[in-house]
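The form predicted on its own is given below as one chain in structure tokens.
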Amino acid sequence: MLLRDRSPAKTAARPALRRHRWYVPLVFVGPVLILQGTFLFTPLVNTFVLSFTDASTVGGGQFVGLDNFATLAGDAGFWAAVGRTFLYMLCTVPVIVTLSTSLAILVNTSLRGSAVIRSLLFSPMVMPLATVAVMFQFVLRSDGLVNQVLGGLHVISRPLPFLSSSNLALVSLMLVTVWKGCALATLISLAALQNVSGELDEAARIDGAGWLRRTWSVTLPQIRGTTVLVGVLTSISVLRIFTEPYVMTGGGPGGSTETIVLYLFEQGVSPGTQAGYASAISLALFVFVLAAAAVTWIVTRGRRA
């Protein structure tokens, strides 16, 4: 009798639930789609349209076809910024990936004082990048902390031009990027290490493998996917590098630290400049980011196969 009483209620509830089920996903996804459409896709479409015009930053423009891209292809300043940015990426990304993975393995071990080390490692994450850039600007300038310490120890006879030399300025910016970028990369790698199977490590230990051998042959292969992800995210972040050169050197000396985004800013965001030409630079940067992600995916796919 009890079953007979419940069956009609269930039968009546199911059609009502099915009738209202269609809008439930829209309630959750709708706000995100609105935000993405407003702040991501609309500017992207607008940038695409502007790249075919001669619009300025303070007024409209006319359709000029592929003129902006033709000018971009012969712009020596743009290609110098591209080469400088890719050099920046080739020098910093391997260091960040290697250093963050090593630090994550070190922090993941049960060493005394690891909690203090974690706090020190992750402290750059809570600091705004502009604040970090200003801080290192004071530390690395001619009368900054580093030169004062080296001079006090009689290591140098005169201040080193960390930010005013065309040879040292880019290297100084790279060190800041590595210091800042290692925090998030270490956190991602550490999260991956928490899911590494302890059984495989224990089996290797029983077979007589040492810590270094177990780390190289057991631990690192299990977090390979995360390591690739860290490399992709870091590469994309470095391709869009802007704050460090803008705040610390302003692109100088002599344009030696001018990156793609900083060049884009100078061409299209400053008052009186060309928004159409800057939009063409933005699309070129978008292609570079896609190419970097595609190359990484192809290399990773080849290794998995």
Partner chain sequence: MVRRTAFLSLAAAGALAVAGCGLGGAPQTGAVDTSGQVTGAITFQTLQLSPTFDKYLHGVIAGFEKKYPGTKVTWNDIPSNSAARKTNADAVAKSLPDVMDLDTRTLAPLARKGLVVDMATSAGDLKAGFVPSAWKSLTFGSTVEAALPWYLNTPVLLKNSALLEQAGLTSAPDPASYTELVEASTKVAQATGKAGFQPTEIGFPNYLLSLGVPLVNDQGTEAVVNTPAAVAFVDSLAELQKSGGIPADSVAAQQRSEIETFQEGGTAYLETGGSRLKIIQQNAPAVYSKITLGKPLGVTGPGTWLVPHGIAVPKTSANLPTAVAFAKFLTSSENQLALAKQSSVFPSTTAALDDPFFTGDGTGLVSKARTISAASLKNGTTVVLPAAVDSEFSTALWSAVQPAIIGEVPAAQALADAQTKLTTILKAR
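Positions refer to the first chain, counted from 1. We call the rigid core whatever largest set of C-alpha positions still superposes within 1.5 Å between the two forms. This one's a predicted model, so the numbers in the text were calculated from it and none came from an experiment.
Only in words, not in the display: the form predicted in complex with the partner chain, which the text now covers.
Only one of S142, S197, S102, T131 lies close to the partner chain in the model of the complex, with a heavy atom inside 4.5 Å, and it is S142. For a residue to qualify, one of its non-hydrogen atoms must sit within 4.5 Å of the partner chain in the model of the complex; none of L35, G225 and G231 qualifies. With the partner omitted here, the stretch from 86-94, 198-206, 164-172, 211-219 that lies within 4.5 Å of the partner chain by heavy atoms in the model of the complex is 164-172. Among heavy atoms of N68, none comes within 4.5 Å of the partner chain in the model of the complex. The partner chain in the model of the complex is not approached by S237, whose heavy atoms all lie more than 4.5 angstroms from it. The closest heavy atom approach of V58 to the partner chain in the model of the complex falls within 4.5 Å. Using a 4.5 Å cutoff between non-hydrogen atoms, G30 does not count as a contact of the partner chain in the model of the complex.
Once both forms are fitted on their rigid core, the CA atom of L26 lies 2 Å or more apart between this form and the one not shown.
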